[in-house]
Structures are given as structure tokens and as C-alpha cells.
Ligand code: ATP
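This document opens with one chain alone, in C-alpha cells, the form predicted alone.
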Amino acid sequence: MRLRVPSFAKINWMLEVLGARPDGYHEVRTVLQTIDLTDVLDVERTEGEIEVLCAHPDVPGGEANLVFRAAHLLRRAKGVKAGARIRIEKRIPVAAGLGGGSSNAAVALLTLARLWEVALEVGEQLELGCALGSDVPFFLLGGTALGIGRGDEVYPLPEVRADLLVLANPGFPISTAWAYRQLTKRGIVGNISVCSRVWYRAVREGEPPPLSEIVVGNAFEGIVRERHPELARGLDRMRELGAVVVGLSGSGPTIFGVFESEDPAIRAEVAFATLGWWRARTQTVSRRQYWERLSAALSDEASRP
């Protein structure tokens, strides 16, 4: 039995780091959003061991791979004897602030539960997700969501819709651990309090903020601007090209711009192509769309995302 399942990327509309926690992690407050950029997991049930394959040179194997760890965690938790061969087709840039590895792990849990024919209640999904990493529980929810604690405690928010979203990535990774260390040394500045008020009002009114009123804030932006001037220029260029919302996703280096019409979005794609950056035009994926596509793939052998 074999399934092919999409694994969606995310961006952060805002990301606030509140300080260090007793467990060594950082307390965060973030608004996450699934987008229509996907890896694909091709998962086959076997009677052997767990095998994870990926052609991308920067995707680790063995226990360093979150998919491998997710499979072993589920197998232990449920006493499963079967194995699996999991092929990851990478379309989401690696170490890019887009949550690709966490998304892969979440989708692997759901897919393997289906193939191994084990019940996995929502509470169990979240418990396993939290054990794997801070972003994994979000990909068991999807859409627009608030993340608090380590980012692993997630709550649905009024859905943001952006049909013209341009991503751009200069092609180098940024270590999340490095970025957090810099924050610890320097403290946190920015417009996060303004962002928080916007989202508080959205929750209170039950409606997402208009795109023109979303104030994107990211505690890491000042650090990456200083360390990587090309990213600073990219963020500024995205705004110059007409984006109504411009932001850094995660700790970077992927930046994004939301456009209100197609022509400036096309110009942005061309401009970043000229710079030699990876780029993609995409859109937000609502919670309903997210689960419709996942459910369709999980319910059908030899499915196609």
C-alpha cells in the first residue's frame, strides 16, 4: 500500500520572542499561515525497517531527519511491527524559515497512521507533534493560527486570504539556533506590539485584518538585516515593487510580499530572478482547503497531491 501526500509550507505573519524559558527554549508568540507550496511524501508500507530517502543533498538521513524520528516515535507509541519506505520530494527550500521539515514530520505521522492502520486521536497527534519540534503541531492544524509557548501550542485564528504572495530566497541558510542566540545577547526591538494589537482586534471581532492593515513583525528581522545586507535590500526591494505586506518568514532567509494585483507580483518575480534568488508565486491555504487536500490524498492509494 502506497500514498503520495502533499506537505505544505508556512510563513509567519508575525513572530515575537518573549524570552528564555526554564526548559532552555524561548517563549514565542507567532501567527502562522499555511501556503500553497508543497513537498511531496511518497510513503509505502513495508515489512522491513523504516527507510527515508531524499535526493536533496542538504536533507539529512537517519535520526537527524524529522520524518525518520516521526516514524519511529509513532511505531513505538502504537506497537507497530510494520515498516515504511518514505521518499521526500523537496520543493520547499531547506533551512529557509518555511517549516518544510516540520511539515514533513506532521504529514508523515498522519500518513503512517493510515498505512499502518492505527487510530491516532487529535490529542495523540499533538503530543507526538510536540515531541518532534515546535512547528510540527501547527501542521496538524493548518490555515491561520496563533502559536504560543515554544510555538507548539496552537489555536485557530480568523483566516487570512492572500491570492498573490511572492516568496524570495537568496540561497543560503540561516541557523535558527544562531538567530536565537543573537536575540538573547542583544534584546528584542521592533513593531511587535503593534502587530499584537492588530491580531487581538481580529480575534475579538472574528474577522481577519484587511491585508492593508496587517503589520508584519519579526523579532529576527533586525538581526538578519545586519548580518546579511542582501536580505535587507531584498525586503526593501519587495516593498518598492508594490507589496502591501512584506515580511521575513521564521528566522529567514525567505522573505515574502503580498500584492493586490498581478502586474506588480510579476515584476517582483522578474526582479528577484534577475538577482539570482529562488522565487515562487503562491497563495495562502485556508484550514478547510488544507484538510480537504490532505484528506483526499490520505484516503486514496496512489493519490496525487
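Position 1 is the first residue in the sequence shown; the rest follow in order. Since we're looking at a predicted model, the values are computed, not measured.
Below, we turn to the form predicted together with this ligand, even though it does not appear here.
**Q** Does any heavy atom of residue 270 come within 4.5 Å of a heavy atom of this ligand in the predicted complex?
**A** Residue-level check for residue 270: no, no contact with this ligand.
**Q** Using 4.5 Å between non-hydrogen atoms, is residue 38 touching this ligand in the predicted complex?
**A** Output for residue 38 is no: heavy atoms all beyond 4.5 Å of this ligand.
**Q** With a 4.5 Å heavy atom cut-off, would you call residue 95 a contact of this ligand in the predicted complex?
**A** Heavy-atom contact with this ligand at 4.5 Å: present for residue 95.
**Q** Could you tell me if residue 101 has a non-hydrogen atom within 4.5 Å of this ligand in the predicted complex?
**A** Contact with this ligand, yes.
**Q** If you check 150, 233, 85, 90 against this ligand in the predicted complex, which one has a heavy atom within 4.5 Å?
**A** None of the others qualify; the residue that does is 90.
**Q** Among 31, 265, 280, 59, which has any heavy atom within 4.5 Å of this ligand in the predicted complex?
**A** The option sitting close enough to the partner is 59.
**Q** Heavy atoms, 4.5 Å, this ligand in the predicted complex: which of 23-31, 239-247, 43-51, 66-74 makes the cut? Say which one.
**A** Stretch with heavy atoms near the partner: 66-74.
**Q** In the predicted complex, which residues of 139-176 put a heavy atom within 4.5 Å of this ligand?
**A** If the 4.5 Å heavy-atom criterion is applied to this ligand in the predicted complex, 139-176 yields only 176.
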